[in-house]
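First, one chain by itself in structure tokens, the form predicted on its own.
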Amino acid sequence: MTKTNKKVILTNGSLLIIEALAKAGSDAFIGYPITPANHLYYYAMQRFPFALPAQDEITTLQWMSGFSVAGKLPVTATSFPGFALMVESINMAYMMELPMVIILVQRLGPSTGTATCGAQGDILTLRGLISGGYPVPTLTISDFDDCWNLSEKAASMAIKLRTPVILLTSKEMVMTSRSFDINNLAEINSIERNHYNKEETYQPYKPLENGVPSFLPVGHSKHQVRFNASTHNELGLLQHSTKEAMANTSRLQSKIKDNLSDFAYYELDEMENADKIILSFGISSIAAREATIKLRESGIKVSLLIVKTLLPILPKYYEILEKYKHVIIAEENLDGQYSKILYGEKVPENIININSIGKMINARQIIEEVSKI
């Protein structure tokens, strides 16, 4: 797209996310409608080459797995009640190493909670999503630019790491329309998928140098293709706790963590001589950005870190945060879930949590807390 002239349209995050995923090569959408992910469902049903309404969320993930083994890059969108039903099948897809993107639109819980009230309360659920504690790559959207850019990154990560990827957002981001200059958006090209093309017998879980196995869809005319959701070796053959099988299972963690630097997305705005830094993510980043500007205008030196690669935690985050005397973490949940992931249950005294439920965090709250320091 040309950047010489503005092209301002009224849009929302849902439309940007779906269009970016389609351009990146996602070619199947399976879903069951749920508030507040309905706009994503609506746009995807019109945009994707394959778009299927499922009977429920369990069926959704099973069908997605079928599309994935057939060589497609499937996408779905849901909120916590639906996501809860998907958990077993996400574990299955994770073990089978199936590329897919799951858009999780957070809303207020517990249980069905309030369908039309936003939140950032699913963080700890995502941290413990996979039995055994294995990490599921999770990217979180902080503005309309991220709706576009991180959607493409999520698709790329799913393909390159052969794994489900969570694209985390919230009600306000995907349902609120506003004016936006689409000429500022970068071009997105379809992600190239390099399938196994050697003469040797295909081993579906034999890792390459980066720890990720080559992919082949089922029904290949030359090679037998095997997928397995139980403990297995590099051939995909069922095994108990053999040395080879345990090495293959451990690789599910290492392939993500060892390649994480290729998918390290964050926004860092450092101010010279500042001893305070605000950390936020997702929808709360809007308030964090505004608070940072106003604090600086009032003479308070403060830096800003917007987390976009939410999980696994980037080692770089600790490297950044350790330079500051005070860390202020703003997130829209009751108990500071990301703060707990970063620092454990006993949060150090220099960590200040700003939390809220039932309403968005605003800049004034952050300014007041920082001003007290």
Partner chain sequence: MNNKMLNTYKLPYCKGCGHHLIARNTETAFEKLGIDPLNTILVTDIGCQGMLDRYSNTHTVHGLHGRSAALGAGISFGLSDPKKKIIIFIGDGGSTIGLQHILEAARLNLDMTVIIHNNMLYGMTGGQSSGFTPCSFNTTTIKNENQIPNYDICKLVRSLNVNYVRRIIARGDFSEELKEAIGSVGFSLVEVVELCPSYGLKLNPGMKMDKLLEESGQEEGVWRHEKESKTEYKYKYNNPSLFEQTKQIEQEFKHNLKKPFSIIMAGSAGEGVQIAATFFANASIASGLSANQKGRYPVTVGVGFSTAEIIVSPEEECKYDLGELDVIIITSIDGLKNNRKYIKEMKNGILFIDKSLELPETSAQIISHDFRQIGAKSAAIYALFYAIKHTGIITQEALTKTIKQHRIGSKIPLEKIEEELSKKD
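Residue numbers count along the first chain shown, from 1. On a predicted model such as this, the values are computed, not experimentally measured, just so you know.
The same protein also has a form predicted in complex with its partner chain, omitted here; what follows describes it.
- Screening 253-261, 166-174, 272-280, 152-160 for residues having heavy atoms within 4.5 Å of its partner chain in the model of the complex returns a single hit, 166-174.
- Listed residues V69, L314, V347, I341 were compared with its partner chain in the model of the complex; V69 is the one with a heavy atom within 4.5 Å.
- Interface residue among A245, I182, I130, I191 relative to its partner chain in the model of the complex, by the heavy atom within 4.5 Å criterion: I182.
- For R47, a non-hydrogen atom is located within 4.5 Å of its partner chain in the model of the complex, even though that partner is not displayed.
- When its partner chain is considered in the model of the complex, S230 lines it closely, a heavy atom lying within 4.5 Å.
- Within 4.5 Å of some heavy atom of its partner chain in the model of the complex lies at least one heavy atom of W63.
- Interface membership of N362, defined by any non-hydrogen atom within 4.5 Å of its partner chain in the model of the complex, is confirmed.
- The three marked residues, K206, F215 and L268, fail to reach its partner chain in the model of the complex, with no heavy atom of any inside 4.5 Å.
- If you take 202-241 and check each residue for a heavy atom within 4.5 Å of its partner chain in the model of the complex, you get V218, G219, H220, S221, K222, H223, Q224, V225, R226, F227, N228, A229, S230, L237, L238, in sequence order.
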